[in-house]
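Next comes just one chain, in structure tokens: the form predicted alone.
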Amino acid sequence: MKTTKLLTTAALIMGCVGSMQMAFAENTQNTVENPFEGNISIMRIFAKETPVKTVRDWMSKGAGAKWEKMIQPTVLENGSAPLLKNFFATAVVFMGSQNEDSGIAAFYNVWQDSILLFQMDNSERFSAPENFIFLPGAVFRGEKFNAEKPAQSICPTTEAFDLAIIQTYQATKKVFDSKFSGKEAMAEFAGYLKNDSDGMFADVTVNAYLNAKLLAELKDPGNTAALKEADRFGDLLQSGSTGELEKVFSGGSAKSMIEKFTAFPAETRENIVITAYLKGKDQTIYAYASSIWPELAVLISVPKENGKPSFLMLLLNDKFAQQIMNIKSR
């Protein structure tokens, strides 16, 4: 990866961070406090566009070769890898123990419930993975992977989709922090590598396809009304004013949430993407997340009977949520 390219993207990332700081100057602190985390966030921005080449070039030579071979089944004839692009687009960064030489970090996507866990070489200017393992969230959490019963964040079996997202994310983050925040981080990572297999990535692919299947329903010829709604909601989230959103959406705390949501910098909102579509018995849910700040998600629920859609902002990271919810409404 060319250093000039990295520096250009670093400027973009830090520019977004700067915008966030200016918008929330009196209420919050910089959410990218760790320099290693900043480097990894830069790579995620590249990876959401060109995951095959970006991740390969970012990794050490041996890890890059392993990566390219492993993901080959998901790469289309034209060289694109849509399942991986979707993974990186809304994956959050988890940071474990770090020092000047090495460290542990991960990308986790709650919408696919899969985690890319890696050991970093921090001796270079831009930290690079020396080794990695890509596995389903269930396996990472010590559960048994069951393709017929995936995490509710992918295929919910109850009406509480918002709770399913939060619980799945928090359960995964809890395991990561417990294993990789102390002196035993490297040993814990080595333990996962012992169980590495092609089957694990095959299960990651299953989760990715299940998530993609939800969105594919929007492209069904008989579902054009839902697709128009998804586009309309997406446009509102990306650029709608507080007043415009309040006219469309309802909910007990919608006004407060909308005010806080529209206080986000333009870069954050412009990069809102749809992550899930669920058609239930009584309601239809459209889920969105920001590819700039993946900790930020929005669920829009449309009742089957007449009524205004409801607006629910989800903030996956506890620290991030506390900072945002303390923002004084403008």
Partner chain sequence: MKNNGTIRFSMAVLLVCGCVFLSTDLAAAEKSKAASSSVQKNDTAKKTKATGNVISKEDLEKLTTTAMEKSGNPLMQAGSKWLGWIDKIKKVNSLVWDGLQAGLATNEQEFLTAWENAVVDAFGEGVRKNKWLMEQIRKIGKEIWAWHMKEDKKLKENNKEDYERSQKFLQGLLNLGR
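A quick note: this is a predicted structure, and the numbers were derived from the prediction, not measured. Positions refer to the first chain, counted from 1.
Beyond what is shown, the protein has a form predicted in complex with its partner chain; the following relates to that form.
Residues with any non-hydrogen atom within 4.5 angstroms of its partner chain in the predicted bound form fall in just one of 256 to 264, 163 to 171, 100 to 108, 73 to 81: 73 to 81. Although the partner is absent here, Ser181 is not a contact residue: none of its heavy atoms lies within 4.5 angstroms of its partner chain in the predicted bound form. A residue is said to contact a partner when one of its heavy atoms sits within 4.5 Å of a partner heavy atom; Glu270 meets this definition for its partner chain in the predicted bound form. Looking at Asp220, you'd find a heavy atom of it within 4.5 angstroms of its partner chain in the predicted bound form. Using a 4.5 angstroms limit between non-hydrogen atoms, Glu188 is distant from its partner chain in the predicted bound form. Note on contacts: among Thr224, Ser241, Thr157, Ser123, the single residue with a heavy atom within 4.5 Å of its partner chain in the predicted bound form is Thr224. The partner is not shown here, and in the predicted bound form the stretch 297 to 317 never reaches within 4.5 angstroms of its partner chain through any heavy atom.
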